[in-house]
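Just the one chain here, laid out as C-alpha coordinates, in the form predicted alone.
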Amino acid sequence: MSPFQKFQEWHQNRHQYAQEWKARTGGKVLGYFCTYVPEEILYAADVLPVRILGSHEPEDVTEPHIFAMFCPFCRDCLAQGLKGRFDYLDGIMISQSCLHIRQAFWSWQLHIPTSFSYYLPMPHHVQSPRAQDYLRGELAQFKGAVEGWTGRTLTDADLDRGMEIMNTNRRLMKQVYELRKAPNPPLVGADAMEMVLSSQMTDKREHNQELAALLEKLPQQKRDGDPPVRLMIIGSEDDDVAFIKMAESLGAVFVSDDHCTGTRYFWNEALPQEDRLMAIAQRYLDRTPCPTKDWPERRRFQQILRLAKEYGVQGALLIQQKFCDPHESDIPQLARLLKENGIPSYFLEFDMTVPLGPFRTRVEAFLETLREEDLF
(Lines give C-alpha, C1' and ligand atoms only; values in the text may rest on other atoms or scores of the structure.)
Protein backbone atom coordinates (compact mmCIF):
# COMPACT_ATOMS: atom_id res chain seq x y z
CA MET A 1 0.00 0.00 0.00
CA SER A 2 1.39 3.39 -0.97
CA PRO A 3 1.88 5.80 1.94
CA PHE A 4 0.20 8.37 -0.33
CA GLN A 5 -2.95 6.32 -0.92
CA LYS A 6 -5.17 8.42 1.36
CA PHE A 7 -4.13 11.63 -0.40
CA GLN A 8 -4.85 10.00 -3.76
CA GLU A 9 -8.29 8.89 -2.59
CA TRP A 10 -9.12 12.35 -1.29
CA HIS A 11 -8.00 13.96 -4.53
CA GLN A 12 -9.86 11.55 -6.78
CA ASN A 13 -13.06 11.61 -4.67
CA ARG A 14 -13.04 15.29 -3.76
CA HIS A 15 -16.78 15.87 -4.22
CA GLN A 16 -17.75 12.79 -2.22
CA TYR A 17 -15.42 13.86 0.59
CA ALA A 18 -16.96 17.36 0.81
CA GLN A 19 -20.50 16.00 0.76
CA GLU A 20 -19.73 13.49 3.49
CA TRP A 21 -17.94 16.15 5.57
CA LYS A 22 -20.97 18.39 5.28
CA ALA A 23 -23.36 15.60 6.32
CA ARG A 24 -21.10 14.57 9.21
CA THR A 25 -20.43 18.02 10.66
CA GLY A 26 -23.41 20.09 9.57
CA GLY A 27 -20.89 22.74 8.53
CA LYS A 28 -20.79 24.98 5.48
CA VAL A 29 -18.59 24.33 2.44
CA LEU A 30 -17.15 27.24 0.44
CA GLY A 31 -15.57 26.90 -3.00
CA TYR A 32 -12.72 29.24 -3.83
CA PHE A 33 -11.01 30.15 -7.11
CA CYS A 34 -7.60 31.44 -6.06
CA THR A 35 -5.00 30.51 -3.45
CA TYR A 36 -4.85 34.09 -2.19
CA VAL A 37 -8.10 33.36 -0.31
CA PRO A 38 -7.40 33.65 3.48
CA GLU A 39 -8.38 30.17 4.60
CA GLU A 40 -7.38 31.03 8.18
CA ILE A 41 -10.58 33.06 8.57
CA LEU A 42 -12.71 30.28 7.11
CA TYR A 43 -11.23 27.67 9.45
CA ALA A 44 -11.77 30.07 12.33
CA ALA A 45 -15.48 29.95 11.42
CA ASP A 46 -15.46 26.14 10.94
CA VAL A 47 -16.17 26.55 7.22
CA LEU A 48 -14.55 24.02 4.89
CA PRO A 49 -12.68 25.73 2.03
CA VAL A 50 -12.60 23.64 -1.16
CA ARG A 51 -10.64 24.77 -4.18
CA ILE A 52 -12.58 24.80 -7.44
CA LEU A 53 -10.57 22.90 -10.04
CA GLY A 54 -11.34 21.35 -13.41
CA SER A 55 -11.71 17.73 -14.48
CA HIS A 56 -9.36 17.73 -17.52
CA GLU A 57 -12.23 16.57 -19.72
CA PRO A 58 -13.29 18.19 -23.01
CA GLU A 59 -16.40 20.32 -22.44
CA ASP A 60 -18.92 22.21 -24.54
CA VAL A 61 -20.94 24.13 -21.94
CA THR A 62 -18.92 27.30 -21.30
CA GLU A 63 -18.99 28.91 -24.75
CA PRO A 64 -22.07 31.09 -24.02
CA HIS A 65 -20.55 32.27 -20.73
CA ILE A 66 -16.83 32.86 -21.23
CA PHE A 67 -14.55 33.77 -24.14
CA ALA A 68 -12.98 30.85 -26.00
CA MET A 69 -9.68 32.79 -25.94
CA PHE A 70 -9.62 32.55 -22.15
CA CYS A 71 -7.39 29.84 -20.68
CA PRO A 72 -8.55 26.19 -20.65
CA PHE A 73 -8.16 26.08 -16.88
CA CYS A 74 -10.74 28.78 -16.12
CA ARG A 75 -13.16 27.32 -18.66
CA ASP A 76 -12.75 23.84 -17.20
CA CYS A 77 -13.43 25.18 -13.68
CA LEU A 78 -16.60 26.94 -14.81
CA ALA A 79 -17.73 23.80 -16.65
CA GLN A 80 -17.70 21.85 -13.37
CA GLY A 81 -20.18 24.28 -11.86
CA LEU A 82 -22.41 24.35 -14.93
CA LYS A 83 -22.48 20.54 -14.92
CA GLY A 84 -23.62 20.50 -11.28
CA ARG A 85 -20.55 18.83 -9.81
CA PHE A 86 -20.22 21.48 -7.09
CA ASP A 87 -23.91 21.67 -6.20
CA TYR A 88 -23.08 20.96 -2.55
CA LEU A 89 -21.35 24.35 -2.12
CA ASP A 90 -22.93 26.82 0.30
CA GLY A 91 -20.81 29.69 -0.97
CA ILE A 92 -18.10 30.76 -3.40
CA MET A 93 -15.40 33.40 -3.27
CA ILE A 94 -12.36 34.71 -5.07
CA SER A 95 -9.42 36.84 -4.06
CA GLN A 96 -8.35 39.29 -6.76
CA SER A 97 -6.73 37.16 -9.44
CA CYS A 98 -6.16 37.19 -13.19
CA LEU A 99 -8.85 38.38 -15.59
CA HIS A 100 -9.66 34.88 -16.82
CA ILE A 101 -10.36 33.22 -13.49
CA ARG A 102 -12.24 36.34 -12.33
CA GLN A 103 -14.56 35.90 -15.30
CA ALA A 104 -15.17 32.28 -14.30
CA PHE A 105 -16.13 33.53 -10.83
CA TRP A 106 -18.49 36.24 -12.11
CA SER A 107 -20.17 33.80 -14.48
CA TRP A 108 -20.54 31.21 -11.71
CA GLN A 109 -22.02 33.86 -9.43
CA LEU A 110 -24.57 34.76 -12.10
CA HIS A 111 -25.57 31.32 -13.35
CA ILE A 112 -24.96 29.05 -10.33
CA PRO A 113 -25.99 31.23 -7.37
CA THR A 114 -25.18 30.25 -3.77
CA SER A 115 -26.26 31.71 -0.44
CA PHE A 116 -22.88 33.42 -0.01
CA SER A 117 -20.59 34.98 -2.57
CA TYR A 118 -17.58 37.19 -1.91
CA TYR A 119 -14.99 39.05 -3.92
CA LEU A 120 -11.89 39.95 -1.87
CA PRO A 121 -9.87 42.87 -3.34
CA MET A 122 -6.41 41.42 -2.72
CA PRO A 123 -3.95 44.10 -3.90
CA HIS A 124 -2.01 43.31 -7.05
CA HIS A 125 0.76 45.68 -5.94
CA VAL A 126 1.85 43.56 -2.98
CA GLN A 127 5.20 45.39 -2.84
CA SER A 128 3.49 48.72 -2.13
CA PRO A 129 4.16 50.16 1.37
CA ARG A 130 0.38 50.70 1.62
CA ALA A 131 -0.54 47.10 0.78
CA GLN A 132 -0.39 45.79 4.35
CA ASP A 133 -2.85 48.29 5.87
CA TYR A 134 -5.09 48.03 2.82
CA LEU A 135 -5.31 44.24 2.93
CA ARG A 136 -5.79 44.25 6.69
CA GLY A 137 -8.86 46.45 6.19
CA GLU A 138 -10.22 44.16 3.46
CA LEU A 139 -9.74 41.12 5.72
CA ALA A 140 -11.71 42.87 8.46
CA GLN A 141 -14.60 43.34 6.03
CA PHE A 142 -14.33 39.72 4.91
CA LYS A 143 -14.33 38.52 8.52
CA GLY A 144 -17.50 40.54 9.12
CA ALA A 145 -19.14 39.00 6.05
CA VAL A 146 -18.26 35.48 7.23
CA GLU A 147 -19.64 36.27 10.69
CA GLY A 148 -22.91 37.44 9.14
CA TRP A 149 -23.11 34.34 6.95
CA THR A 150 -22.36 31.82 9.70
CA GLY A 151 -24.12 33.66 12.54
CA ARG A 152 -21.10 33.58 14.86
CA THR A 153 -18.60 36.14 16.09
CA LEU A 154 -14.96 35.24 15.43
CA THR A 155 -12.72 35.88 18.42
CA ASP A 156 -8.94 36.19 18.54
CA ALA A 157 -8.90 32.61 19.85
CA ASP A 158 -10.83 31.50 16.76
CA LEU A 159 -8.37 33.28 14.48
CA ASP A 160 -5.45 31.75 16.37
CA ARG A 161 -6.98 28.31 15.82
CA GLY A 162 -7.46 29.02 12.11
CA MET A 163 -3.86 30.17 11.74
CA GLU A 164 -2.52 27.16 13.62
CA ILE A 165 -4.48 24.72 11.45
CA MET A 166 -3.10 26.35 8.31
CA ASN A 167 0.45 26.79 9.62
CA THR A 168 0.63 23.17 10.76
CA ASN A 169 -0.42 22.01 7.31
CA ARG A 170 2.17 24.24 5.64
CA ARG A 171 4.89 23.13 8.02
CA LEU A 172 4.23 19.42 7.55
CA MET A 173 4.06 19.62 3.76
CA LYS A 174 7.31 21.56 3.74
CA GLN A 175 8.89 18.75 5.77
CA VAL A 176 7.73 16.24 3.17
CA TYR A 177 9.22 18.43 0.43
CA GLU A 178 12.57 18.40 2.28
CA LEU A 179 12.78 14.66 1.60
CA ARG A 180 12.79 15.40 -2.14
CA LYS A 181 16.34 16.72 -1.81
CA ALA A 182 17.66 13.15 -1.47
CA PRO A 183 19.68 11.75 -4.42
CA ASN A 184 16.91 9.21 -5.06
CA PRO A 185 13.86 10.75 -3.33
CA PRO A 186 11.40 8.51 -1.45
CA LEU A 187 8.50 10.18 -3.26
CA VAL A 188 7.88 11.20 -6.84
CA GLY A 189 6.35 14.38 -8.20
CA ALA A 190 2.93 12.80 -8.69
CA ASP A 191 2.85 11.87 -4.98
CA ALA A 192 3.76 15.41 -3.98
CA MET A 193 1.16 16.95 -6.28
CA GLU A 194 -1.67 14.77 -4.97
CA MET A 195 -0.60 15.54 -1.41
CA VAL A 196 -0.86 19.30 -2.03
CA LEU A 197 -4.03 19.01 -4.12
CA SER A 198 -5.77 16.95 -1.45
CA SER A 199 -4.90 19.62 1.13
CA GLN A 200 -6.96 22.08 -0.92
CA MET A 201 -10.02 19.81 -0.85
CA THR A 202 -10.15 18.30 2.65
CA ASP A 203 -10.41 19.41 6.24
CA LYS A 204 -6.82 20.30 7.04
CA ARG A 205 -7.15 18.85 10.53
CA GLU A 206 -7.61 15.43 8.94
CA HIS A 207 -4.95 16.20 6.35
CA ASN A 208 -2.50 17.14 9.12
CA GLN A 209 -3.02 13.80 10.84
CA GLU A 210 -2.30 11.97 7.60
CA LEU A 211 0.80 14.11 6.99
CA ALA A 212 2.14 13.34 10.47
CA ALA A 213 1.68 9.61 9.82
CA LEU A 214 3.35 9.96 6.42
CA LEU A 215 6.41 11.64 7.93
CA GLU A 216 6.86 8.69 10.27
CA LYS A 217 6.93 6.21 7.37
CA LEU A 218 8.40 8.09 4.43
CA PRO A 219 12.05 8.52 5.53
CA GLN A 220 12.36 4.72 5.62
CA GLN A 221 11.14 4.35 2.03
CA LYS A 222 13.93 3.40 -0.37
CA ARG A 223 13.78 3.68 -4.15
CA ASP A 224 15.77 1.23 -6.25
CA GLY A 225 17.62 1.88 -9.47
CA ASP A 226 19.76 4.69 -10.79
CA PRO A 227 18.82 8.22 -9.75
CA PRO A 228 16.45 9.71 -12.34
CA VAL A 229 16.82 13.08 -14.08
CA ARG A 230 15.82 15.76 -11.56
CA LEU A 231 13.21 18.17 -12.92
CA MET A 232 11.39 21.24 -11.67
CA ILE A 233 7.99 22.29 -13.00
CA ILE A 234 7.28 26.04 -13.12
CA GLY A 235 4.41 28.15 -14.37
CA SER A 236 0.65 28.39 -14.71
CA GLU A 237 -1.78 26.55 -12.47
CA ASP A 238 -1.14 22.85 -13.05
CA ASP A 239 -3.03 20.05 -11.30
CA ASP A 240 -2.46 17.61 -14.16
CA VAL A 241 -1.31 14.49 -12.29
CA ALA A 242 -1.51 12.44 -15.50
CA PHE A 243 1.10 14.70 -17.12
CA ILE A 244 3.42 14.41 -14.12
CA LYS A 245 3.12 10.61 -14.14
CA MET A 246 3.79 10.50 -17.89
CA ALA A 247 6.96 12.59 -17.58
CA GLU A 248 8.19 10.54 -14.64
CA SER A 249 7.59 7.30 -16.55
CA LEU A 250 10.33 8.46 -18.95
CA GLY A 251 13.08 8.27 -16.35
CA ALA A 252 12.64 11.62 -14.62
CA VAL A 253 11.47 12.75 -11.20
CA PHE A 254 10.05 16.14 -10.28
CA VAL A 255 11.84 17.23 -7.14
CA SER A 256 10.44 20.76 -6.82
CA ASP A 257 7.95 23.18 -8.35
CA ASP A 258 6.68 26.71 -8.55
CA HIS A 259 2.94 26.80 -9.11
CA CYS A 260 -0.18 27.26 -6.99
CA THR A 261 -0.82 23.54 -6.56
CA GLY A 262 2.66 23.34 -5.07
CA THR A 263 5.11 25.54 -3.21
CA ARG A 264 3.42 28.88 -3.93
CA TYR A 265 0.41 27.63 -1.97
CA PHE A 266 2.05 26.60 1.30
CA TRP A 267 5.69 27.71 1.53
CA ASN A 268 5.39 30.46 4.18
CA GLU A 269 3.40 30.73 7.40
CA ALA A 270 1.35 33.41 9.14
CA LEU A 271 3.65 34.69 11.90
CA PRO A 272 1.83 35.37 15.19
CA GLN A 273 1.32 38.97 16.29
CA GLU A 274 -1.15 40.82 18.48
CA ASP A 275 -3.21 41.98 15.49
CA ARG A 276 -4.33 38.65 14.02
CA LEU A 277 -5.71 40.12 10.81
CA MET A 278 -2.45 41.95 10.21
CA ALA A 279 -0.58 38.67 10.67
CA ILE A 280 -2.79 37.00 8.05
CA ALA A 281 -2.46 39.98 5.69
CA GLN A 282 1.33 39.91 5.98
CA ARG A 283 1.43 36.20 5.20
CA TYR A 284 -0.40 36.59 1.89
CA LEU A 285 1.64 39.63 0.91
CA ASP A 286 4.90 37.81 1.67
CA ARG A 287 4.08 34.48 0.00
CA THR A 288 5.76 33.59 -3.27
CA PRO A 289 3.74 35.78 -5.65
CA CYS A 290 2.04 34.76 -8.85
CA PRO A 291 2.99 36.87 -11.93
CA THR A 292 -0.06 39.13 -11.56
CA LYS A 293 1.44 40.42 -8.30
CA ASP A 294 5.19 40.01 -8.86
CA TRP A 295 6.20 43.58 -9.71
CA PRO A 296 8.05 45.88 -10.01
CA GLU A 297 10.73 43.53 -8.61
CA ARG A 298 10.36 39.90 -9.72
CA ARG A 299 10.74 38.28 -6.30
CA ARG A 300 9.42 34.93 -7.48
CA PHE A 301 12.42 34.44 -9.77
CA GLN A 302 14.84 34.42 -6.84
CA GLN A 303 12.69 31.86 -5.00
CA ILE A 304 12.72 29.66 -8.12
CA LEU A 305 16.53 29.84 -8.26
CA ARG A 306 16.81 28.99 -4.55
CA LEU A 307 14.59 25.94 -4.93
CA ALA A 308 16.37 24.80 -8.09
CA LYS A 309 19.76 24.92 -6.37
CA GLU A 310 18.63 23.42 -3.06
CA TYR A 311 16.89 20.51 -4.78
CA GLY A 312 19.64 19.78 -7.30
CA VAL A 313 17.47 20.49 -10.33
CA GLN A 314 18.99 19.44 -13.68
CA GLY A 315 16.27 20.87 -15.92
CA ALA A 316 13.02 22.83 -15.73
CA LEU A 317 9.74 22.51 -17.59
CA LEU A 318 8.10 25.91 -18.05
CA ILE A 319 4.35 25.38 -18.22
CA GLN A 320 1.93 27.94 -19.59
CA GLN A 321 -1.78 27.30 -19.81
CA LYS A 322 -2.84 28.37 -23.28
CA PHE A 323 -3.71 32.10 -23.36
CA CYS A 324 -2.26 32.68 -19.85
CA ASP A 325 -0.97 36.22 -20.33
CA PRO A 326 0.71 36.74 -16.90
CA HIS A 327 2.93 33.67 -17.26
CA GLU A 328 3.50 34.30 -20.96
CA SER A 329 5.08 37.65 -20.09
CA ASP A 330 7.31 36.01 -17.46
CA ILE A 331 8.63 32.98 -19.31
CA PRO A 332 11.21 34.54 -21.70
CA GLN A 333 13.02 36.36 -18.91
CA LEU A 334 12.75 33.36 -16.58
CA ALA A 335 14.20 31.04 -19.22
CA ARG A 336 17.16 33.41 -19.66
CA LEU A 337 17.72 33.59 -15.90
CA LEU A 338 17.70 29.80 -15.58
CA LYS A 339 20.12 29.45 -18.49
CA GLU A 340 22.49 31.99 -16.94
CA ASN A 341 22.50 29.84 -13.81
CA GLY A 342 23.21 26.60 -15.67
CA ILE A 343 19.68 25.20 -15.63
CA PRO A 344 18.28 24.19 -19.06
CA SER A 345 14.56 24.72 -19.53
CA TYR A 346 11.87 23.65 -21.98
CA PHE A 347 8.62 25.47 -22.70
CA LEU A 348 5.27 23.69 -23.01
CA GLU A 349 1.97 25.41 -23.78
CA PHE A 350 -0.73 23.46 -21.97
CA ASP A 351 -4.34 22.75 -22.76
CA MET A 352 -5.49 20.63 -19.85
CA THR A 353 -8.31 19.05 -21.89
CA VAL A 354 -6.26 17.53 -24.73
CA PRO A 355 -4.41 14.15 -24.93
CA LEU A 356 -0.87 13.79 -23.58
CA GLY A 357 0.71 12.13 -26.65
CA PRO A 358 2.37 15.21 -28.18
CA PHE A 359 3.67 16.28 -24.76
CA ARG A 360 5.25 12.86 -24.22
CA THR A 361 7.34 13.19 -27.38
CA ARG A 362 8.58 16.65 -26.43
CA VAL A 363 9.39 15.78 -22.82
CA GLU A 364 11.23 12.68 -23.99
CA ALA A 365 13.37 14.79 -26.34
CA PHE A 366 14.16 17.27 -23.54
CA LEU A 367 15.23 14.47 -21.19
CA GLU A 368 17.46 12.99 -23.88
CA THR A 369 19.14 16.37 -24.28
CA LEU A 370 19.74 16.59 -20.53
CA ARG A 371 21.24 13.12 -20.45
CA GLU A 372 23.57 13.93 -23.34
CA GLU A 373 24.73 17.13 -21.63
CA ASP A 374 25.40 15.15 -18.47
CA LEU A 375 27.86 12.93 -20.36
CA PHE A 376 30.22 15.77 -21.27
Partner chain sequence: MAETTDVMRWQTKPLECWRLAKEIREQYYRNYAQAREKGGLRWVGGAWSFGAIPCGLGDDVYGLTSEPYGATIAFNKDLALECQEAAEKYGFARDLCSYMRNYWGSVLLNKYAWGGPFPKPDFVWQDHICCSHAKWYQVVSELEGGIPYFCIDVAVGPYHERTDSRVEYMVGQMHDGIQWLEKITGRRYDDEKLIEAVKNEIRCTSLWAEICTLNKAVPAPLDEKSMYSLYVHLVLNRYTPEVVSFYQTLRDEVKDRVANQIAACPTERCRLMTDTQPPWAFLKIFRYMESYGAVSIGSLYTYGLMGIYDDQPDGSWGAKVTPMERGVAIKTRDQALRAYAEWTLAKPLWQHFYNPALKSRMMARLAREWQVNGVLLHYNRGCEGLSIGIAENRLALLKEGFPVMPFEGNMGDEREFDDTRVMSRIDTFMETLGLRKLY
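Numbering follows the first chain given and starts at 1. What you are looking at is a predicted structure, and each value in this text was computed from that prediction instead of being measured.
One more form of this protein exists, namely the form predicted in complex with the partner chain; it is left out here, but the text below deals with it.
Engineer: Tell me whether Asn13, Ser55 and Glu310, taken together, all sit within 4.5 Å of the partner chain in the predicted bound form, counting heavy atoms only.
Structural biologist: No: no residue has a heavy atom within 4.5 Å of the partner.
Engineer: Decide whether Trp149 counts as a contact residue for the partner chain in the predicted bound form under a heavy atom distance cut-off of 4.5 Å.
Structural biologist: No, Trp149 stays farther than 4.5 Å from the partner chain in the predicted bound form.
Engineer: Whether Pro332 contacts the partner chain in the predicted bound form should be assessed with a 4.5 Å heavy atom distance threshold; does it?
Structural biologist: Close contact exists here: in the predicted bound form, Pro332 approaches the partner chain to within 4.5 Å, heavy atoms only.
Engineer: Give a yes or no for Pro129: in the predicted bound form, does one of its heavy atoms lie within 4.5 Å of a heavy atom belonging to the partner chain?
Structural biologist: So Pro129 counts as contacting the partner chain.
Engineer: Tell me, yes or no, whether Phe70 is in contact with the partner chain in the predicted bound form, where a contact means a heavy atom of each within 4.5 Å.
Structural biologist: Although the partner chain is absent here, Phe70 would touch it in the predicted bound form, with heavy atoms inside 4.5 Å.
Engineer: Report the stretch among 245-253, 288-296, 258-266, 155-163 that approaches the partner chain in the predicted bound form to within 4.5 Å, counting heavy atoms only.
Structural biologist: After filtering at 4.5 Å, what remains is 288-296.
Engineer: Heavy atom within 4.5 Å of the partner chain in the predicted bound form: which of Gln282, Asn167, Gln221, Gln96?
Structural biologist: Result of the distance check: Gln96.
Engineer: I need to confirm a contact call. Of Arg276, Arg180, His100, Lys204, which residue comes within 4.5 Å of the partner chain in the predicted bound form, counting heavy atoms only?
Structural biologist: Selected option: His100.
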